[in-house]
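Here you get one chain, nothing else, as C-alpha cells; it is the form predicted alone.
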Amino acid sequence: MTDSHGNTNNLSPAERLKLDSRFLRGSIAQGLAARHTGAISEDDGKLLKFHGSYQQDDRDVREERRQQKLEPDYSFMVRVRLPGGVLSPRQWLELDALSRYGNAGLRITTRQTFQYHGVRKEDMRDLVGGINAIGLSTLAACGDVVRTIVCSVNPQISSGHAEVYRWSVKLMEYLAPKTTAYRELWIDRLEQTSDGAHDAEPLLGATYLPRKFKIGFAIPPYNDVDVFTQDLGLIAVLDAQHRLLGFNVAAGGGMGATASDPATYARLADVIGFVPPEHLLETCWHLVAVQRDFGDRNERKHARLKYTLDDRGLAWFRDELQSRLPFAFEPPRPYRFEHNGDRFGWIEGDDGKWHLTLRIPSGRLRDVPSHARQSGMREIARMHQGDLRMTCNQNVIVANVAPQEKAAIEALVRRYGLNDHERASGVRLNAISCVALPTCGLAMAEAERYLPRVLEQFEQLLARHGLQDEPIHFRLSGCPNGCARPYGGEIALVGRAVGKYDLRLGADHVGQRLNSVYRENVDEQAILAALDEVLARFAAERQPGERFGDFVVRAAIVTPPANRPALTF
C-alpha cells in the first residue's frame, strides 16, 4: 500500500495507522469483543471515528475511579450521518427508540444530526446496526473524510429549495468512503474481518484525507448553515422563479483552533467561482482531491484546507482545481445573505404546506420535570404525515404539515413544553453550545451545562440596559476547537480552563465576519463586568437598527480579522 501521494516512507503515526488499517478495519472487531475492559485500544479508537464514533469517559468521576483503582468510566458517542438533517417520522421514532442504548435521550448537533452519548461497548453493534436498519448510517460522520453534508433547513419552501436538498444527498453519497469494513463490522457483525485486499478508495485513497472535511449548502438570503465556516461552501443561485441555476463555490473555511497557538485559527471560506448543477459532483470531487494531495500530512493541527489555501495562495488553489476540470470554472454570481439564524414559528411554503421551527436548547431532547421535549417530539412523529428536519443551530423543523394538521401539532407543542420559541428572549433563541464536560475529551471548560446559568445572567444585563428583546447571536464552546462555531458569534465564550473563558465579540449576524478576543482567559465575574460596560455603550450609542456585532466593530471596541468574504459581486 501507498499513501495518497504514492509514498510509504516518513509517514506520521496518524498516516501510518490509516495506511496499515486495511481500509479502516484495524482490530476494532476484536476490541469490541473483549469483555475485560469497557474500552478499545488507542489506535482502534482513532479508526473508530471513521465509523461514526468517539470513545469517551465520564470526567466527573475520573478521579474518583482512579483512586479506587478502577479504569475510567468508558462509553462511546455515536453520530448519525444524515445529509441535510431530514428524517421521516418513522426514522425519528426508530432513532428515538434506539436512545435506550445511551444515557441522555437524543442530542441534535450543529451539523443537523443526532448524537448518542453514554453508549456502552457491548451495545455498540446493536445501536449502529439499528441505525442502518432504517436506511441511515454512521459511516463518515467522524474521521478524516467528507463529513455529514449540511443544507439549508427548509428545502420545501420552494421547488428550488427541494432541488438543492437533493443535490446535498447526491453529493454525500458520491464522496462517501467505499470501504467494505463498515458492513463487516456493524451489519454482518464479523468477529474476524477481511484483509481488505479487494477494497479501494478511488477518491480518498488508502490514507484517506489529511483531516476532516466539511461541506455545506446555503440558499440565500438565509445562511443558516454558516456556509463560510465550511471547508467547501456551496451557495445556491436561484432565479426569480426559484429555479436552480447553479452554485457559487467557497473554499477554505474552518472553526478549529488551539489555545495559545497563533499558527492555528478560524477562517472563513473564499468564493472562488460558479458551477452549474451538472458540474457540481465533478467539481467537488476534484476540490476534495486537491486537499487530499496537498494537505499537510505531517502536522495534524495544520492539516485543514484553510491552511493549504493560506500556505499556497488562493490563486494557486483555484488554478490547481481548474487544471483538473474539463470545463471552465465560471466567475461567481451575485448573492446576498440577510441572517444566519433560524426562522421560528410557522412558515408557509409555495405548495401550501407549513413548516414549524421549534427551539431546542443545546439540541438536547430528553424528559425532565420542567418539560418533556423527547416525549413531545415522539408524539408529533407518531401523527405527522410530513417529515422532520434538524438545523445547524440545534433546532427542529416539523416540515410539510398539511393545513388540516396544524392545530393538532400546535396542541402537542404546547402540551409538552416545546413552545420555547414563543417565550424565549432574543439571545436564547440565538444561543448554541457544544457538549463539553463531562464526556468530551477535548473540553477545557463547561458549555452545555453552563449555558442556562450564563444566559440567565446575561439576560439580566440586557434588561438593565433596555435590551431584553435584542436578538444577539451567543455561542458557547468548551474549548477552542469550535464545534459550536464560536468564532461566528456576536458574543462568544471559548473555554480555556474550568471556569475560565475567552470573551469574543464582533461577528456579524449573517455569517460573513468573525469575532475577535475582547477579554482573554477570564472568569464569570470579569465576563459579566465587561459585557455590562459594552452593553451600556451599545444602548446609548447604537444607530437605528444596528446589530450588536456591527456596533462593537464600528465603535472600535474590537478589530475584526481581515478574512471576510464579499457581501455581493
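Note that this is a predicted model, so its numbers are computed, not measured. When you see a residue number, it is the position in the sequence shown, counting from 1.
What follows is about the form predicted together with a small molecule, which we do not show.
Scanning Lys214, Arg378, Arg333, Arg428 against the small molecule in the predicted bound form with a 4.5 Å heavy atom cut-off leaves one residue, Lys214.
For the candidate set Ser99, Ser159, Asn481, Asn132, a heavy atom within 4.5 Å of the small molecule in the predicted bound form is found for exactly one residue, namely Asn481. Partner contact region in the predicted bound form: 49-57, out of 530-538, 49-57, 33-41, 65-73, criterion any non-hydrogen atom within 4.5 Å of the small molecule. Taking the partner from the other structure, the small molecule in the predicted bound form has no heavy atom within 4.5 Å of any heavy atom of Ser168. The shortest heavy atom separation between Gly256 and the small molecule in the predicted bound form is within 4.5 Å. Using a 4.5 Å cutoff between non-hydrogen atoms, Thr110 counts as a contact of the small molecule in the predicted bound form.
Using a 4.5 angstroms limit between non-hydrogen atoms, Met77 touches the small molecule in the predicted bound form.
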